[in-house]
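There is one chain below, alone, in C-alpha cells, taken in the form predicted on its own.
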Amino acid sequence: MERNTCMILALDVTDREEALKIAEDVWEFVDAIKVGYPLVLATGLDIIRELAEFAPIIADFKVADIPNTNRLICDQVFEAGADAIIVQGFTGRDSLDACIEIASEYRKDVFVVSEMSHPGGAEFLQPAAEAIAKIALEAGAFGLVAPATRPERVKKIRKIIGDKLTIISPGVGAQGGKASDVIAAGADWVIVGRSIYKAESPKEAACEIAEEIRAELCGE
C-alpha cells in the first residue's frame, strides 16, 4: 500500500450504490478504502472487487479464531480481491501466524489490532497492546492498528516497533481524534469514516482532512 495522502476511508455504509458513489468521489484523497461487516453483509463479498477499482481495499473483519478458521477466512477475503486484512492479536501467535501465512501466499498484507479506538478499547486490550505489538513484529505482520483517540498510545506503540511496521489509526473525526495529532504521534495512515461519508459533500470533507495531514507533514 503506497503512502501518498496518509488517509484511509472507513466505508461503513450499507448500500452498494452509495458506497460506490462515495468511493468515486473521494478516491484521489485516500490511499485505501476499509470495508467491514456492515457493507459486506449488506451487499456481499463482491463489493470488495467493485471498490478495488477506486483504491486498495482493507477488509476489516478483526479476525479472531483458531488457526484453521483464520486460514479459511483470510483465503476467502483475498480471493475476493482485498489487498489487506485486519486481524486480532489476542488469540495468540499461532492464530496470527495462520493469517500471515495465507496473506503471504497471496502477497497481501495483515494489520493486527493492538488497541481499539472507543473508550472500552482501553479496558481489556490496552493492557495487552504492547505484547500484541511485539508478537505482530515477530510474526512479520505488515502493520498495527492503534487508536487516533489516544495519540499517546500510538507514540508508545511506535517506540516498540520502530520503523519496522506501519501504523493505521482509526478514530479521527466522529470519535474525537485529530488527524494531525496522530500523524505527529507516529501513525502512517489515519482512518476516517463518518466525518467523510456522512458529510454533505464527502469529497470536500476528504479534501479538507487531506490538507490537514499535508500541513502536518510539511510542518506548515
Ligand code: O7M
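In case it trips you up, residue 1 is the first one in the sequence shown, and so on. These figures come from a predicted structure and were not determined experimentally.
What comes next is about the form predicted together with this ligand, which is not displayed.
The shortest heavy atom separation between G186 and this ligand in the predicted bound form exceeds 4.5 Å. Of the heavy atoms in S117, some are within 4.5 Å of this ligand in the predicted bound form.
G177 falls outside the set of residues with a heavy atom inside 4.5 Å of this ligand in the predicted bound form. In the predicted bound form, this ligand lies farther than 4.5 Å from every heavy atom of A136. The contact residue chosen from A82, A141, V113, C74 relative to this ligand in the predicted bound form is V113, the criterion being a non-hydrogen atom within 4.5 angstroms. Though this ligand is absent from this view, in the predicted bound form it lies within 4.5 Å of a heavy atom of just one residue from E24, D12, E204, D15, which is D12. With the partner left out here, this ligand still marks one of 164 to 172, 178 to 186, 47 to 55, 24 to 32 in the predicted bound form; by a 4.5 Å heavy atom cut-off that stretch is 164 to 172. Although this ligand is not shown here, in the predicted bound form the stretch 80 to 97 places heavy atoms of just one residue, I86, within 4.5 Å of it.
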